[in-house]
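One chain is shown next in structure tokens, namely the form predicted on its own.
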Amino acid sequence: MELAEIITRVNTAVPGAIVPTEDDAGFIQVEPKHWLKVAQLLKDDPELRFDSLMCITGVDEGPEGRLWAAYNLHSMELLHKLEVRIFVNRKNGSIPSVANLWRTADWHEREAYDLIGIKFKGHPDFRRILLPYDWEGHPLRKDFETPDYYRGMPVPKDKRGWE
């Protein structure tokens, strides 16, 4: 199914959910407040059947910008793909969790939180997955400053020789 057809189908079922983007963007942008309805439609609609969440990528636009998540979906039955992007405010924005729709979201949402700081409201087990529970900050944010020490141990800033 072509992207334009997917957009029409989503706009019909959930009016106002899709944020207009450039015609050749290659993805759809969804308002966070509509994400659960859109995600359910993308998974359950017989013409769409996005049964596989391949990846969630967290992105930081920089200290003055937003955070966003890119969801890469695939239909194994119908053999089509879709990228959905959801933008949030970096200070207090959150995206509804889809871990109950696609089990792989459990890991991906926790990873996006750990590394970028995107919060996923309603996640069934929302805790750090890659970093220690008491780690402060999100190391892939562009404004992250590596601490000098963690639990009394120096944190090396020069990574040469680690290859």
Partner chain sequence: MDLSLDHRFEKDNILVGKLDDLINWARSNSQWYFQFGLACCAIEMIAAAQPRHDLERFGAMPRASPRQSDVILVSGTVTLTMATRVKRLYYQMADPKYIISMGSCANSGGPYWEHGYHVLKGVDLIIPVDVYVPGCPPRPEALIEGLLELRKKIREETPLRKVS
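Quick caveat: nothing in here was measured; it's all calculated off a predicted structure. Residue numbers count along the first chain shown, from 1.
The same protein also has a form predicted together with its partner chain, omitted here; what follows describes it.
Remark: all three candidate residues (L115, F144 and M153) come within 4.5 Å of its partner chain in the predicted complex, counting heavy atoms only. Proximity of K159 to its partner chain in the predicted complex: non-hydrogen atoms within 4.5 Å are present.
Using a 4.5 angstroms limit between non-hydrogen atoms, F126 is distant from its partner chain in the predicted complex. None of the heavy atoms of G26 is located within 4.5 Å of its partner chain in the predicted complex. In the predicted complex, L101 stays away from its partner chain, with no heavy atom inside 4.5 Å. Remark: of stretches 48-56, 29-37, 127-135, 61-69, the one touching its partner chain in the predicted complex is 127-135 (heavy atom within 4.5 Å).
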